[in-house]
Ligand code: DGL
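For reference, the chain that follows is the form predicted on its own, supplied as structure tokens.
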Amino acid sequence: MSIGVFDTGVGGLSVHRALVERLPQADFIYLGDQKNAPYGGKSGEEVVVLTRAACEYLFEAGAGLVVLACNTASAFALRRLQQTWIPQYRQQIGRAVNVLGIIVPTIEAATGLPWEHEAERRGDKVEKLDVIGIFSTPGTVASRVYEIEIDKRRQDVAVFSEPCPNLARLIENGVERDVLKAEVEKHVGALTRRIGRAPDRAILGCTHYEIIADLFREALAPSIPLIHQPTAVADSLQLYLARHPEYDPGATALRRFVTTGQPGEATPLLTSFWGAPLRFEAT
């Protein structure tokens, strides 16, 4: 058995790296759906269909668990797959399988509260709001998942989301750091102007952005903490595996990288981020 990690492209490697560091002996299969990327401009139904096909590929390749290392897929497809597809698919293949997302662990990290917690609605005026800035794709912004779910749990937190329509594509294409730096500074400036001040904390709500987290760190004030999705997901998966021994993550340290797009060597940006050469095979 193994753990599958899925993203529309290479951004999920940021989550994948954190999982490998946390579970170094586990077996992992990474799948990037670069043929159909980006998902941000697709309808919710299209995202569900593509995500289900990717999960099925990973299950057939031996994965017991699939982590959706993509905010758009997690926002639009995760609940549908868990409720309407996974139960039937388990019966069909006769073994335990499941799909997990990255938004739940991120919101737990941002609120400091378990997912099951819902705040009591009170009429008292909140004296001081904790402002969280979220940088993400237009699709994730349109879903309003962070605003809705954080508001359910914390009345003293305000969420402002900044859509970054080109940033994931630029990272995917491995453009020069100066280009990425200018794009990050543009969006940090836009969010700061909309809030009227800098946010108190920030979430990189697209796994691609973690690859250039240092550029966000430079553009934001040094005092502003970043909530890192890969760390939150690694914490959550470790706890999940401890609670669910039916999922065997393997123990041979297998590393496979698969793409629906053009196979071959990763860009220098990704190789530098991963810390070793990366080669993608075709599906």
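In case it trips you up, residue 1 is the first one in the sequence shown, and so on. Quick caveat, the model's predicted, so the values are computed rather than measured.
Just so you know, the form predicted in complex with D-glutamic acid exists too; it's not on screen, but the next bit is about it.
Interface residue remark: V145 is not counted as part of the site for D-glutamic acid in the model of the complex, having no heavy atom within 4.5 Å. At the 4.5 Å threshold, heavy atoms of P38 reach D-glutamic acid in the model of the complex. Although the partner is absent here, V188 lies well away from D-glutamic acid in the model of the complex, with no heavy atom inside 4.5 Å. Residue contact with D-glutamic acid in the model of the complex: T106 places no heavy atom within 4.5 Å of it.
With the partner omitted here, the stretch from 87-95, 188-196, 206-214, 110-118 that lies within 4.5 Å of D-glutamic acid by heavy atoms in the model of the complex is 206-214. In the model of the complex, D-glutamic acid lies within 4.5 angstroms of at least one heavy atom of each of the following residues of 56-91: C70, N71, T72, in sequence order.
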